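There is one chain below, alone, in structure tokens, taken in the form predicted alone.
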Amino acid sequence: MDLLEYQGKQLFRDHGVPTPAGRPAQTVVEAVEAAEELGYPVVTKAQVLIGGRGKAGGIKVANDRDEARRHAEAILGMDIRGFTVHELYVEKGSRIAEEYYAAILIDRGAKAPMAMLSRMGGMDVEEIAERDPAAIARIHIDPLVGFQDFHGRRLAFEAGIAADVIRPTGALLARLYEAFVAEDAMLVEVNPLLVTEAREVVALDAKVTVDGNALYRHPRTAALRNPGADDEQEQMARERDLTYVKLDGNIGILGNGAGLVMSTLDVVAQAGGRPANFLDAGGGSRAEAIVDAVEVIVSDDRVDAVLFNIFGGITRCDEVANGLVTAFGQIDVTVPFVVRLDGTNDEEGRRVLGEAELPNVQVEKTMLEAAARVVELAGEGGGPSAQGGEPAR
């Protein structure tokens, strides 16, 4: 779950991370009132879950009431890379001397948190890192030891930041790590990490991603979720207790078990297809879960064909087949389905599908054959006119 900037900064303040004073606003009137309360100059910032706000015109400085009003009117409703601005954050202006970049994230390869620091913060830090990987200092943190003073000093020296702000930068990094651990975050990023003309170090931005699986431990953070900002299919899946991630292809993927679904994505890609989603109905999937899963997948109008890949261990293939039959009876399915059933009661499952004579459903015996077939159907645009393969019988 990603947080908006002002939400991330509230989390930072809870853990002692210094940030400029600011107020959220949802209307022009609220933005002007916030600016008057904070005192000019102020910075009006679009609140969207995407980078590049400054280049898109979503961050503007106001020196008086008229400018604050004009900027709020211009930014509210703005489209920034597909995201509509519904909220603003009005922040007290800061006198900038230097801009750094700092982040703490999970390094899955090292299986440990990693702290990062660079003296080249601000816009285009990703391009800077790509051109010169040494521009960002990195260090892994032992979770049993935590972030220590020497971690901050080492990052500061390797990043080459100014000597007089090494200690306050290290202290801020320690507080960021505290927030990272306490809030079950996957990422905390500050770009820029600001050094003011008074040589104070503050977080001028906040990008925070928290682990959605840990939200039950953080009810206040969970309450920040804005369902209206979620992807439609991902929201549907969450409501049905399904594990779903939307991708950018046109082949729907449904399986039982995360490992099987990930393998299915790979096999489809190897066959030349582009998966539209990752959907894990879970081990032991019952008919009701299959109905829900089918409804989520076919609600995506980009999906031209669906690969239904089930390996029965604790999952019974006949139960899954009954779920698919029920789904076709309740939902208007217009795209072709390729079904592969293997494992517990697979023959019974195929018999159920054969007797149901579901329209536009084809059965393949192996995952490789199923992947090749669904890629072919998706390339043809799907539909009953697609030829070949073994019908469900």
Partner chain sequence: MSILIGSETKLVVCGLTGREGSFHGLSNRRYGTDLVAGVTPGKGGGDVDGVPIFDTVHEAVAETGANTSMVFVPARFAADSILEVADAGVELVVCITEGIPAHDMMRVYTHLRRGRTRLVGPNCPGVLSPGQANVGIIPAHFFSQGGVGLVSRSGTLTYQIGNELAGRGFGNSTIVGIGGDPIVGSSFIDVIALFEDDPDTKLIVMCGEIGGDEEERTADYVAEHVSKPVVAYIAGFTAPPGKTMGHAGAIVSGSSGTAQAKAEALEAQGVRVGRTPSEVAEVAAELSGAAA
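Positions refer to the first chain, counted from 1. What we label the rigid core is the largest C-alpha set whose atoms superpose within 1.5 Å from one form to the other. Predicted model, so just to flag it, every value in this text is computed and none were measured.
The form predicted together with the partner chain exists for this protein as well; it is not shown, and the discussion that follows is about that form.
Across the options 338-346, 42-50, 321-329, 25-33, residues that bring heavy atoms within 4.5 Å of the partner chain in the predicted bound form belong to 338-346. For the chain shown alone, V267 is a contact residue for the partner chain in the predicted bound form, at least one non-hydrogen atom being within 4.5 angstroms.
Heavy atoms of N256 reach within 4.5 Å of the partner chain in the predicted bound form, making it an interface residue. Within this chain, R220 is remote from the site of the partner chain in the predicted bound form, having no heavy atom within 4.5 Å. By the criterion of a heavy atom within 4.5 Å, T243 is counted among the residues contacting the partner chain in the predicted bound form. D184 is the sole member of E239, D184, E73, E232 with a non-hydrogen atom within 4.5 Å of the partner chain in the predicted bound form. Contact annotation: of the candidates G109, G82, G77, P133, the single residue with a non-hydrogen atom within 4.5 angstroms of the partner chain in the predicted bound form is G109. Taken together, the three residues Q7, Y89 and G160 all stay farther than 4.5 Å from the partner chain in the predicted bound form, as judged by their closest heavy atom. Applying a 4.5 Å heavy atom cutoff to the partner chain in the predicted bound form picks out no residue from 44-63. Comparing the forms between the shown form and the other one, the C-alpha position of M116 differs by less than 2 angstroms, with the core used for superposition.
R274 shows a C-alpha shift of 2 Å or greater between the shown form and the other one [criterion: core-superposed Cα displacement of 2 Å].
Here P192 does not count as shifted, since its C-alpha moves by less than 2 Å between the shown form and the other one after the core is aligned. Relative to the shown form, the CA atoms of I251 and N213 are pushed 3 Å or more farther apart in the predicted bound form.
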